[in-house]
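Only one chain comes next, encoded as structure tokens, the form predicted on its own.
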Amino acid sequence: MLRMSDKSAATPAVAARTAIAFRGGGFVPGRSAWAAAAAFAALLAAWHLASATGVLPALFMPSPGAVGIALWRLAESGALAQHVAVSLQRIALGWSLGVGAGLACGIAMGLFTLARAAGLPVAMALFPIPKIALLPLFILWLGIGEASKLATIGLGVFFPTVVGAMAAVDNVPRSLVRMGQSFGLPPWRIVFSIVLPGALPGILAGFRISAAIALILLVSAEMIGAQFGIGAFILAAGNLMQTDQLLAGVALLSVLGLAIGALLTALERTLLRWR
């Protein structure tokens, strides 16, 4: 009996000394550069193999090498830099205008009842309209120059930004707002110290969606009444059945999308260090 009691008394001490595995890991996004490089390498290898074996006809789907040669010739001629510069200018101006106005309206709708009651039905009514369908109307109003293209891009990113910013403000925990009120913080201090920092992750996530929409609208707008730009270049190459140059333009769009994504990722790391 004494031995059994001694053993039972020693059991808690042994359990106290036993290491317990940490269970709080996971659900944390990490980075893996080799996985992305491997995915792109596998995609290019499959494309090259399909082209070399004749599965993909060269006339309709040139090999990666042919697309690379077309890109190199465009770079040597200076046309590549010209088209990319024009497209970058358009997407930067159009996206900035649309996102700036959308953030102001979305945050106001998230904070004020009157703004939400007046703005939400209008946003829900106009959001589903394809903005590229309005481009001919913008051309009639603003001319065939840059203003109509910027208006198309800006309006296209405006409504997703409004909805995303409003939802981000709504998702801020109300317990934090009540805590600020209990400490006697003025409303403006609660907005700038609690609401906006809490809504920032959702707002930045909306930036990625609006940037993708802006890129799509950019190409569509440049295919109508534009002499320079990636969209105009792709349309001209398609009309001439120059599929290697057409795919070179598509590759440029892919690289541009990756560059925009990298910039937004750097912005998130800078602004969301507190997470």
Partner chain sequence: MDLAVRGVRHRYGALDVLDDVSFDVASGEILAVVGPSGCGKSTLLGIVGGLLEPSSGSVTTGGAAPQGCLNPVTYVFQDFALLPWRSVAGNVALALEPHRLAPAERAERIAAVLALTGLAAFAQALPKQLSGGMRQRVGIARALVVRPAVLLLDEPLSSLDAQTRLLLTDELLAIWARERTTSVYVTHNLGEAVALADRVAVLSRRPGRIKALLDVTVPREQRGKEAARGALAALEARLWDLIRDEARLADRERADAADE
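Quantities reported herein were computed from a predicted structural model and do not represent experimental measurements. Positions refer to the first chain, counted from 1.
Omitted here: the form predicted in complex with its partner chain. The next part is about that form.
Using a 4.5 Å cut-off to its partner chain in the model of the complex, each of S193, G198 and W274 places a heavy atom inside that distance. When you look in the model of the complex, the only residue of F112, F183, W72, W141 with a non-hydrogen atom within 4.5 Å of its partner chain is F183.
Among the residues L97, A205, L120, L176, the one placing a heavy atom within 4.5 Å of its partner chain in the model of the complex is L176. Checking 80 to 88, 151 to 159, 184 to 192, 121 to 129 against its partner chain in the model of the complex, the stretch whose residues place heavy atoms within 4.5 Å of it is 184 to 192.
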